[in-house]
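Just the one chain here, the form predicted alone, laid out as structure tokens.
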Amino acid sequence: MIRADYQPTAGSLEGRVVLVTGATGAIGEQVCRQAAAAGATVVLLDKEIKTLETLYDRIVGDHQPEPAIYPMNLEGATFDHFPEVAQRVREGLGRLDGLVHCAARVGQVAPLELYDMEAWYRTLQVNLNAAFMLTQACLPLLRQSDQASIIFTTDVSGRSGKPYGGAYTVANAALEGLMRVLAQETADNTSVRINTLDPGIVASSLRAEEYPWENPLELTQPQQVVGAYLRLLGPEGRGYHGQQLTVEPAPR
């Protein structure tokens, strides 16, 4: 369990560069805005240029460090695209200190026996394959940071299993395994910290897709969990590595 009542001080991430996938999603946007408020230069990665530009304007309008926009559809990306992301960050910003994986898709809610193969592929591509390939491409740059952090956003279904969760649940289970392997491989030869983070049930378009009957106002709001991400990205996250963490939301 990791508490989300962390309030980073202004400038606590100053000089740091943080790349966030799913940047315009419910949690991704909050991570971007709060990291920028703490002084970080944020690379906004998502598929829709219009929503990326809107988020860019909000961050700049709050007089925070100017972010960088990287439009990319993870579903259609191939292994050639991910090294290009890392190279662009290196050339444009010179460093990378944080990688936060927030991009995800629910896919199909169905028993595995009846699961659509195209939905299976697309869901695993966004939730698992893209996360792995981007992490692999960015690792050399992250290793150069004195205190880099990689956060894989996961779901309790990946730790306990969930009937009819399909590729979404399988991808989350695989991300947990990916984190454990990578954390052990980097424990003795780098300062990169790697963890998974389950934010719990949070009001988002992803949640609404799976449970359209829920009232989002009755759920935990994204701003109630973002403190846990900022804790892991900042100096107070140095004690976390190779852990399966669950967010204890901040009060409303």
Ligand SMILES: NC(=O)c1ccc[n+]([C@@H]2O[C@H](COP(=O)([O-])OP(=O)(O)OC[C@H]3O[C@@H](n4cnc5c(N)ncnc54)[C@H](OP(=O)(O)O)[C@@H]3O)[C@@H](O)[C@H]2O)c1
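Just so it is clear, the model here is predicted, and its values are computed rather than measured. So that there is no doubt, residue numbering starts at 1 and follows the sequence shown.
Not pictured, yet referred to below: the form predicted in complex with the named molecule.
J.: Give a yes or no for Cys102: in the predicted complex, does one of its heavy atoms lie within 4.5 Å of a heavy atom belonging to the named molecule?
T.: Yes - in the predicted complex, heavy atoms of Cys102 and the named molecule come within 4.5 Å of each other.
J.: Taking the named molecule as it sits in the predicted complex, is Gln224 near enough to touch it, meaning that at least one heavy atom pair lies within 4.5 angstroms?
T.: Flag for Gln224 set to no.
J.: Can you tell me whether Asn73 touches the named molecule? I mean in the predicted complex, with a 4.5 angstroms heavy atom cut-off.
T.: The answer is yes: Asn73 has a heavy atom within 4.5 Å of the named molecule.
J.: Though only this chain appears here, would Gln34 touch the named molecule in the predicted complex if you measure heavy atom gaps against 4.5 Å?
T.: The answer is no: Gln34 has no heavy atom within 4.5 Å of the named molecule.
J.: Counting non-hydrogen atoms within 4.5 angstroms of the named molecule in the predicted complex, say which of Ala183, Leu206, Ile59, Ala68 makes the cut.
T.: Looking at Ala183, Leu206, Ile59, Ala68 one by one, just Leu206 meets the 4.5 Å heavy-atom criterion.
J.: To test your reading of this chain, name the stretch in 206-214, 36-44, 184-192, 59-67 whose heavy atoms come within 4.5 Å of the named molecule in the predicted complex.
T.: It is 206-214 that comes within 4.5 Å of the partner.
J.: Though the partner is not shown here, which residues of 140-162 have a heavy atom within 4.5 Å of the named molecule in the predicted complex?
T.: The stretch 140-162, when checked against the named molecule in the predicted complex, contributes Thr153, Thr154, Asp155 at the 4.5 Å heavy-atom cut-off.
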